[in-house]
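Starting off, we have a lone chain in the form predicted on its own, written out as structure tokens.
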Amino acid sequence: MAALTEQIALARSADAPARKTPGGIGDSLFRLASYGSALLVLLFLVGILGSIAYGGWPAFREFGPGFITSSAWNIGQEQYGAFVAIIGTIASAFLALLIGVPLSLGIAVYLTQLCPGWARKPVSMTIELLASVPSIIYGMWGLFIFAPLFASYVQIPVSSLVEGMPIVGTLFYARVPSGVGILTAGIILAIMIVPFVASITRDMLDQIPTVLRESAYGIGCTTWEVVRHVLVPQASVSIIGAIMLGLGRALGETMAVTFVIGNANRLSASVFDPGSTIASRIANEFNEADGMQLHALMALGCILFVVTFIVLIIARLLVRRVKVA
């Protein structure tokens, strides 16, 4: 029996095509092309960072650390500071995540757990179509359609209701209810990041083995318990990655935010008041900037690059912590 098995194995090996040993010219060219592609991406990244750092260095040298902590932006006196733009960038991105992430997770859970079969494809297609809408269309819609409605039906009634209250009155009071402001920008950004976070989360939930869900339902778990204790822990790493992808877009979004944030260089405790972000300030002033103003805008771009890099590091740490847990 052993001899017969050995003869069968020898016959199969004789019929199988001979495997080529690595090290030929084709393998060498493929290896060099792969290395070259990776190095090219790194060179592009270093080149972009180097160019904006070189352009922004005169501003950092002139104003020092005060460029980051100062809220001044006076073109006539050539006094520039990034603090207002940094706060506006972080605040609008935070509001976008606060609004968009629960909505995205709800859409993903609905599509994978509750949506009937006939409606799943149209809903999924609608969500994916939202991702293909240009950002300037979101900005125009936000400025001409959403902002007036938001001012009439949200800002004015809420401001009248909370006026004089200790904390809520400061946070939700609009001195000039025009509809544009930090919260408006956050809502528009939330709408823009929903398709990305929802699509990635939906795909990850679909890849979870069906036996895990069926086992949870079999022992009497409700849909909420299945989502909370089975689906979310299994897809937590991917969900964090999707959220960070949405945060990256919210931090760097330019045109839509420029339309609806108000572009005012002032700090305010109210989310209804206008503000500015790093990207919106660069978009508004870069075309006509010269001298120190141009260097200050380049320095703002360098700061935005660093903020995005910090977000990436935090995402890596969160993913590693979830994997270890």
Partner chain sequence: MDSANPLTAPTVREAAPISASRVRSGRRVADKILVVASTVATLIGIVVLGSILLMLIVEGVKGFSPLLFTEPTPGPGSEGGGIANAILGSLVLTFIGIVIATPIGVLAGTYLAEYGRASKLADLIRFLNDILLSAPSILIGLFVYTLMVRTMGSYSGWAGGVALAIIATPVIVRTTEDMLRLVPSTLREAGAALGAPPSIVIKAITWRAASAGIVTGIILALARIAGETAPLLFTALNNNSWFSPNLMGGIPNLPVMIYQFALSPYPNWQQLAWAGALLITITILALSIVARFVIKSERAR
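Note that the rigid core is defined as the largest set of C-alphas that superpose within 1.5 Å between two forms. No experiment lies behind these values; they were computed from the predicted model shown. Positions refer to the first chain, counted from 1.
Below: the form predicted together with the partner chain, not depicted.
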Gln79, Ile90 and Ala198: each with a heavy atom within 4.5 Å of the partner chain in the predicted bound form?
no
Taking heavy atoms only, is Trp57 within 4.5 angstroms of the partner chain in the predicted bound form?
no
Just checking whether Thr210 would be counted as a contact of the partner chain in the predicted bound form - the rule being heavy atoms within 4.5 angstroms.
no
Give a yes/no on whether Val271 approaches the partner chain to within 4.5 Å in the predicted bound form, heavy atoms considered.
no
Using the partner position in the predicted bound form, report whether Ile191 sits within 4.5 Å of the partner chain, counting heavy atoms only.
yes
Only one of 71 to 79, 150 to 158, 164 to 172, 250 to 258 has residues with a heavy atom within 4.5 Å of the partner chain in the predicted bound form, and that stretch is 250 to 258
Quick one: from Leu205, Ile86, Ile127, Ile239, grab the residue that has a heavy atom within 4.5 Å of the partner chain in the predicted bound form.
Ile127
If we check the partner chain in the predicted bound form, which of the residues in 142 to 170 reach within 4.5 angstroms of it by a non-hydrogen atom?
Leu143, Phe144, Ile145
Gly36 C-alpha relocation of at least 2 Å between the shown form and the other one, rigid core basis
yes
